[in-house]
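Before any questions on how it binds or moves, here is one chain, the form predicted alone, in structure tokens.
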């Protein structure tokens, strides 16, 4: 059995709304092993993105993250990313608990800074917002290469950056190296963002709806690219999507979320084959995609 890389246990995230406090992630638990691809499937508002943002230390706000455990195994040693959370949460009588968010964000930044890029990194759904508009694509890939391989010379860093752009199947990597984000199509920007992320050589890649907003052909190309890159390097990955076909194509295991909770966990092979009992929501997703449903659980 592969060694664990990430373990999330009983995660709770809350936000205050006009209608009162809302729990957007309610006791979510999952794990990722070395070399494994975990797919997180769910509709908008299911809590899938918020859960993964918590793993990255990117959930701000009072209350925000209010409970649970997130462990990242760095060189086999567990690091608790939510250590000290209870010390910044104040409970007063019957009133909803409050958190000192500024203090918490300082703790999170110090804890996450050595992990961002090296242990985990992310590709989000709008690459134009993730790429720096004032830097060439090549300069941004070079920055990742330099952090991953500080002993390389300037010329070697530049050559390695062009090589990464070629690996993500840019048609003219040398030209793209000198281009800015606004000069590229949406699909090319997403490929560039994948190159920036992977050039840092992370152990865990988090891809959050990376094909949203792309046309059908480009979406298929990006998903196939992930499949190829994962097979080549044996990386671990969290792939978050509302598209069940994408998730089943890439993932080893799948969790299905709805209303802030996990309603199903199964291997991708079992879901594809229609093996086992299915939650009604999962069954509806499989049926809509014209895939085998299997037995349906209680409504």
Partner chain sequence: MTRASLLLIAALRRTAGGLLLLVGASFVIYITIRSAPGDAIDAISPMGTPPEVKAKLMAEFGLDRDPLTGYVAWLSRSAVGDFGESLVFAPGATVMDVGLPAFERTLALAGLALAACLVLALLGALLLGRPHPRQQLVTGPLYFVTAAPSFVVAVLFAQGMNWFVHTYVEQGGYETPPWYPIPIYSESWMPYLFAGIVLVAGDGLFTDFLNAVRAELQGLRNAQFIAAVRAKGARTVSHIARNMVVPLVSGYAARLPIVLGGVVIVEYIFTLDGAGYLLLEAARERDFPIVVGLSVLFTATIIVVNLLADIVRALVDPREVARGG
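Residue numbers count along the first chain shown, from 1. Here the structure is a predicted model, which means the values were calculated and not measured.
Below, we turn to the form predicted together with the partner chain, even though it does not appear here.
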{"query": "Candidate site 121, 178 and 193: all three near the partner chain in the predicted complex by heavy atom within 4.5 Å", "finding": "yes"}
{"query": "Touches the partner chain in the predicted complex: residue 27 (any heavy atom, 4.5 Å)", "finding": "no"}
{"query": "is_contact(residue 203, the partner chain) in the predicted complex, heavy atom dist at most 4.5 Å", "finding": "no"}
{"query": "Residue 129 within 4.5 Å of the partner chain in the predicted complex, heavy atoms", "finding": "yes"}
{"query": "Non-hydrogen atom contact residue 117 with the partner chain in the predicted complex at 4.5 angstroms", "finding": "yes"}
{"query": "Contact stretch among 213 to 221, 74 to 82, 99 to 107, 160 to 168 - heavy atom within 4.5 Å of the partner chain in the predicted complex", "finding": "99 to 107"}
{"query": "The partner chain: the contacting residue among 228, 156, 183, 149 in the predicted complex [heavy atom, 4.5 Å]", "finding": "183"}
